[in-house]
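The data below hold one chain only, encoded as structure tokens and taken in the form predicted on its own.
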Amino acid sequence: MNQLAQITQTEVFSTNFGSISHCPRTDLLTLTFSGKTVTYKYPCLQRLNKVINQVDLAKMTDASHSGLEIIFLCGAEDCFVLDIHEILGLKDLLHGTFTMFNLNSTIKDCLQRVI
């Protein structure tokens, strides 16, 4: 059997809250978080990261706030309804994921310079 066919998902990063994995055949990223599993293309995951980083955590702790945020991405079918702890968990997961992407790119650049 083809080795690529055996590898369906490669974990990029995970925390206690969830994980993000990559499928080399489809080039899609699978986010498993808060009881949901959704698949995104890289630019959509970047948009999710931007939206999560723009959430006003101080406002969420205000007594007049419901304590929940609805995260919906234009063009995506799914949405997340998250409390402040889940926002922090998703923020941590996305930060680690993009750090891994940047690290991978940096290592590749360094290796290309050496060769």
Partner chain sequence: MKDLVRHKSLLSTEIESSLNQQIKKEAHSSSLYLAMASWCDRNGFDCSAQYFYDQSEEERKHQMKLFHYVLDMGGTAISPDINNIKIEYMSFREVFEDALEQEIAITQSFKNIAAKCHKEQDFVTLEFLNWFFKEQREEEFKARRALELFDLIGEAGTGRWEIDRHIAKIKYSEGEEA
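Numbering follows the first chain given and starts at 1. Computed from a prediction, not measured in an experiment: that's the story for all the values here.
There is also a form predicted together with its partner chain; it is not shown, and the following applies to it.
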*Mind telling me which stretch in 30-38, 58-66, 43-51, 72-80 gets its heavy atoms within 4.5 Å of its partner chain in the predicted complex?*
43-51
*Just to confirm, Ser14 within 4.5 Å of its partner chain in the predicted complex by heavy atoms?*
no
_With a cut-off of 4.5 Å between heavy atoms, is Gly96 one of the residues that contacts its partner chain in the predicted complex?_
no
*Check each residue of 72-108 against its partner chain in the predicted complex and list those with a heavy atom within 4.5 Å, in sequence order.*
Phe101, Asn102, Asn104, Ser105, Lys108
